[in-house]
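Just the one chain here, the form predicted alone, laid out as structure tokens.
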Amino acid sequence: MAENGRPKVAFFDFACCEGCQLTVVDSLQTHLELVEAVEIVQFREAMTEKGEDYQIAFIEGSCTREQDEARLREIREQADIVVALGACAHIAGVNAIKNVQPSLQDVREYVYGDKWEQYDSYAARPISAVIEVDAVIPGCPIDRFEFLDVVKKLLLGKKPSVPDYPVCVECKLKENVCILETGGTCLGPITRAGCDAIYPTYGVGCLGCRGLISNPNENAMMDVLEEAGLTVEQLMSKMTMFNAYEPAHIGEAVASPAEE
């Protein structure tokens, strides 16, 4: 805790595009009261200073190298509260696409060419697979208003929560035409809400970036697919964009993780 009583906050990044941290920067520019309520001691996207004394740690990015585990544990040991920031930290995100490839070595050779041996890599995983996480802010990127809500609750000593009902609920509230009825594919029936159904609202099927709800209705989803004339395989091709780390809860599991 800072001498002025404000909690010290740090932002960290692992394997990610840092788009969620840029969303944070945008949010703080329009909500200066949060900047005054905390003391940010480490935030590579916004400052050059680097303090190691912090109470709240926001972590963006998935863990894709064994050597990153030690750094994650150091952050966990220092911080009273750890928040997974965005899809990569929450569910391993797009980085986990490599997990369903036949061979992780093939992936490394494809990306790094003849220098592949110089770059360590293993199957991507969310940070919760390595350390305990106290809260998550889902999405790719995160929703700025959800970030603000989570921070405010943390400062008030409350435990943040995210919706655990499907995106379809938000679509119905907005009176959207169902993407499945227009011939498209959509993961809305099994994906966690909280994005205000932004993709379906603009005519694009949900890609599942907020992760799966905790108890998806498999039978209902299969009925929906049958009515829309879609197959499980078509749905699974969408599923692996953000949810390749864990098996899907409908039809059949995602392919086994790549060999390490």
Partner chain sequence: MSLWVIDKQAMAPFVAKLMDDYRVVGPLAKGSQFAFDEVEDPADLRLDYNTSILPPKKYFQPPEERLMTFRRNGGTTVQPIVEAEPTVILGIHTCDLHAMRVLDEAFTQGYPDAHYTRRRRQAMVVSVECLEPCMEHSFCKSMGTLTADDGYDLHLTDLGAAYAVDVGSDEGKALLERFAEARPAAEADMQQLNKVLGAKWPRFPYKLETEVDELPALMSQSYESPVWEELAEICLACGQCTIVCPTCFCFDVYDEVDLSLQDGERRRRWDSCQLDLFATVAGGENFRESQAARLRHRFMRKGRYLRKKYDALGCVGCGRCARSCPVDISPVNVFNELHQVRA
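Positions refer to the first chain, counted from 1. If you superpose the two forms and keep the largest set of C-alpha atoms that fall within 1.5 Å, you have the rigid core. Not measured: the values here are computed from a predicted model.
There is another form of the same protein, the form predicted together with its partner chain; it is not shown, and what comes next is about it.
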Stretch from 86 to 94, 152 to 160, 68 to 76, 127 to 135 whose residues place a heavy atom within 4.5 Å of its partner chain in the predicted complex: 152 to 160
If you check in the predicted complex, is P189 within 4.5 Å of its partner chain, heavy atoms only? yes
So in the predicted complex, does E181 come within 4.5 Å of its partner chain, heavy atom to heavy atom? yes
Going by a heavy atom distance of 4.5 Å, is Q29 a contact of its partner chain in the predicted complex? no
Decide whether D114 counts as a contact residue for its partner chain in the predicted complex under a heavy atom distance cut-off of 4.5 Å. no
Name the residue from I56, M221, L207, L235 that puts a heavy atom within 4.5 Å of its partner chain in the predicted complex. M221
Using a 4.5 Å heavy atom cutoff, which residues in 33 to 50 contact its partner chain in the predicted complex? It's fine if the answer is none. E33, L34, A37
I want to check E52: does it shift between the shown form and the other one by 2 Å or more at the Cα, with the core superposed? no
Please determine whether the C-alpha atom of A228 is displaced by 2 Å or more between the shown form and the other one following superposition on the rigid core. yes
